[in-house]
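Here we start with a single chain on its own, the form predicted on its own, put down as structure tokens.
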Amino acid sequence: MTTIQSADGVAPIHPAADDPDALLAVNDLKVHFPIRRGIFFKRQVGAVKAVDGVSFSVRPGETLGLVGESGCGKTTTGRAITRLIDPTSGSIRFEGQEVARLGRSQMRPLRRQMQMIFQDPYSSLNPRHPIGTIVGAPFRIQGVEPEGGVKKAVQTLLERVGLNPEHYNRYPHEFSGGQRQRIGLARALALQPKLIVCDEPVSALDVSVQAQVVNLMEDLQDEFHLAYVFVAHDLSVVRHIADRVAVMYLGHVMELTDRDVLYTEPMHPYTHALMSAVPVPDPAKENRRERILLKGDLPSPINPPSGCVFHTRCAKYREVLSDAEKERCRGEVPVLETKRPGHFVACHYPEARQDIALAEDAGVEGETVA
């Protein structure tokens, strides 16, 4: 197996990250936040395992969707990729270059190639600055002088994302939520990056505005050949924009495969539960679909369950498996491995279920997984 140098020494590349054409390759990424006690001598007594061994790759021009319940580690993964959060261990390779341990000065040139769009379009914009200053900030920080000047470049960007370039001197509070998200998108595009991490960019917007922003993002992706890591709760949005989808639970990737495969033949019990929760706009079909309930609360990432982290809420574990099979789920951590070509599943007893899959016309408003 291919090997790479990680923070902990030489580590094998996970098959999900082993793509020679990858723009971004994330291998065994872990982000643990220490828990400290004491007034003077703050000793570490534990850690919040927000991300605990995530592996995937993203090709140029591709969109990878990250879905899962709140608290599963999606946003932390996105922030670690862009180095807004320092990873505890693991590898993040961008265009073949290891970036997981680069310092701030070393990361600055890479910021031109890796950008992020945040969930709240208002809190991510400085209310004291006009949008011309906000969108033009990347040029000044990186010392880039665009042809025709910064103002002309900013107005061109504003027009490209559907805003009036004459509003250059307006402030963020003078815009609607959808317009503010377009401002954030224009800022991310300023230096023509190759990768944009989108942290639930449409979850705070009305449904009609969501469609406009998502369509704009797809047009910009085609025009600039962008790669997206798209974090979202809404399964319909992910199905519309993503090429591949990774389903996360409690800091782990449970399933990773092409979008069409995931939505027609999901294999992990957690994915089954998410799919069954999506309403179908056809009473006849809805009445025939099984509703899989996840009983209990999400376990604490401070003390995750042994073995498979999902077994405490798994309907298959609870209702179908034998005692010997349950013992394996409790004691052995399932590896995210290839079950079919290009289809990775972290489950001891996966099952492809077409009966739980979402039909093409299931893209109704408000499809959420949490």
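All residue numbers refer to positions in the sequence shown, first residue = 1. Everything quoted here is computed from the prediction, not taken from an experiment.
Unshown form predicted together with a small molecule; subsequent notes refer to it.
Shown alone here, Ala50 lies within 4.5 Å of the small molecule in the model of the complex, counting heavy atoms only. Using a 4.5 angstroms limit between non-hydrogen atoms, Pro301 touches the small molecule in the model of the complex. Put simply, Gln210 is far from the small molecule in the model of the complex: not one heavy atom of it is within 4.5 Å. Interface residue remark: Tyr317 is not counted as part of the site for the small molecule in the model of the complex, having no heavy atom within 4.5 Å. From the list 38-46, 308-316, 333-341, 64-72, the contact stretch for the small molecule in the model of the complex under a 4.5 Å heavy atom rule is 64-72. Checking Gln155, Ser91, Thr82, Thr76 against the small molecule in the model of the complex, a heavy atom within 4.5 Å turns up for just one residue: Thr76.
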